[in-house]
Ligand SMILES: Cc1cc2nc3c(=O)[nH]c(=O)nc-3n(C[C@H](O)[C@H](O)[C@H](O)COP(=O)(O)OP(=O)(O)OC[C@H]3O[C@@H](n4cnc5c(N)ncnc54)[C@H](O)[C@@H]3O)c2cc1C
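Single chain ahead, written as structure tokens, the form predicted alone.
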Amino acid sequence: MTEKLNLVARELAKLGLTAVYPREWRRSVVLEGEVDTWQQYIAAGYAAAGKGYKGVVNAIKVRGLEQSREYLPPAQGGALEGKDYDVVIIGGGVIGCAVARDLTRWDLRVALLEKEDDVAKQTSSRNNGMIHPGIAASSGSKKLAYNIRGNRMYTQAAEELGFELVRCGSVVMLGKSMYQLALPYVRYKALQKGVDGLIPLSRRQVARREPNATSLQRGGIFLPSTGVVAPYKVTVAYAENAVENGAAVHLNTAALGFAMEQGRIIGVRTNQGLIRAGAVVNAAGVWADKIAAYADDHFFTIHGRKGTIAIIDKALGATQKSVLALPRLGVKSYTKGGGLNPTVEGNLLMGPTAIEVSQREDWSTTPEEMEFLFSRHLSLNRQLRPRDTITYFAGVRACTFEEDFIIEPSEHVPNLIHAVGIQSPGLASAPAIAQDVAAMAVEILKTTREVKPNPTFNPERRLTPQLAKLSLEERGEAIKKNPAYGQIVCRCEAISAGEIIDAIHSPVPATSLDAVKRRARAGMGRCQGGFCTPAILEILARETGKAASEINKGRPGSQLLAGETKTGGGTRT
């Protein structure tokens, strides 16, 4: 037994995990055996981390616990059988979509596969949309390097792709006056890390900048590079511009395995047939380790960390300008702890929580999680009350036990690239990750063929009118050109029929209620779709040529209507 393996075994013994057995595989450590609880499973994984291995593969079984369930779309025959692409990207989150767009800078056949009915269905729409400044990431980590680069790249990305970016800054407040003594060191570390700007604040300066901030604050720091975006709109923007530049996006398409030849991937087996691929990018989020295992390159394990977020009514949006946080210093945590942040639409978001969960697609919310948010974060803004919450949601982060991104070509499969373990600050890092992953794919392809730039690449996405952002004169002009912009469907968000129709016929078409919501915000207001849903259903049915009873809320099989209650003759169906 090697010294590293002995060290892992001793750590496991300290935890009393005598039925867990470590072994080495390639450059990773594999944990096998059985434990009684999920908490022990997680503890074992972290006990093996940081011991000099490339990754931790946690193959421990938890007695009586059901294996994590993955949603897979129904088989759809061989619609994609025989399709041939230079690069196939697995995963339609912000990373996969950004990689697809960057690859279209080259004269390549690019395809993105997403098992859900739309892009941005999982973690990429289930987060707080914060573009982190980088101060929380560990020195020397990939998280830090990509966060700093990605943050700086967002300004250009927003201009080119037409999504809204607000550099609202963040105020990290101190809970005790004595912590002020540490601010010079914090500033020094921030400069070392490359964080753009850090301004120490006294208690009075915090109150001047954020008059409604908690009275418990004792000063803090201001980080001006912090921004906010709508994460689902960023993802859609990347996907649409990729399609405009020649990429294909295949929705409801799950990767089920690889066809291998002499150690290389030659094709991706899907529920729609075998797709040939010159190179493959694994950007599969919470299921990235499963995709790696298809190629016998399972050197890491993903475990899910659920975060619940509450949305505060727009009426309170003006009470706060910056992101507010009051971290608990001295408490060991694998997450930054959440806070209270503005959104580009005018709401405030509270959270997220951080709970280790065994089910990687567990998007449930509980009263206990909401109580935690209220007790931990609501008081950061003295104007907020629990009744100001209009809805809440949850997402699951894709964490590795080493707690860092894995952005690299496979060591054992020459045409496979991993972009995995992407948790916070993954959204902030996306532009930089995409740039590097695309470059890796191009280098792989160059070993077998010439790769030329795409002479027609256009970085600017085609935009359609957003009435809420237009002046009265601009709205009038838009309505003259298309009267559908004058028909308001969603009263809470002032969304017109024209905007919904634009979303349905966009480069990545919105064909469900939730897809329309992600693009146009119809249904995201105070009433949460209570007023506008029937009208949106009618528009979707008309524009797609389907019956209203065939329109899904989200995934296939999630129709809201069973059928018409009356026919023309008055007969019930």
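Residue positions are given as counts along the sequence shown, with the first one as 1. No experiment lies behind these values; they were computed from the predicted model shown.
One more form of this protein, predicted in complex with the ligand, exists but is not displayed; see below.
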Original post:
Would residue 114 sit within 4.5 Å of the ligand in the model of the complex, counting heavy atoms only?
Top reply: yes
Subject >> Partner proximity in the model of the complex: residue 377 to the ligand, non-hydrogen atom cutoff 4.5 Å >> reply: no
Original post:
Hey, in the model of the complex, is residue 94 touching the ligand, heavy atoms inside 4.5 Å?
Top reply: yes
Original post:
Is there a heavy atom of residue 253 lying 4.5 Å or less from a heavy atom of the ligand in the model of the complex?
Top reply: yes
**OP:** Within 4.5 Å of the ligand in the model of the complex, counting heavy atoms only, one of 188 to 196, 389 to 397, 451 to 459, 437 to 445 shows up; tell me which.
**Re:** 389 to 397
Original post:
What is the one choice in 302, 130, 213, 247 with a heavy atom within 4.5 Å of the ligand in the model of the complex?
Top reply: 130
**OP:** Tell me, out of 124, 496, 104, 226, which residue has a non-hydrogen atom within 4.5 angstroms of the ligand in the model of the complex.
**Re:** 124
**OP:** Residue by residue through 417 to 441, tell me which have a non-hydrogen atom within 4.5 angstroms of the ligand in the model of the complex.
**Re:** 422, 423, 424, 425, 426, 427, 428
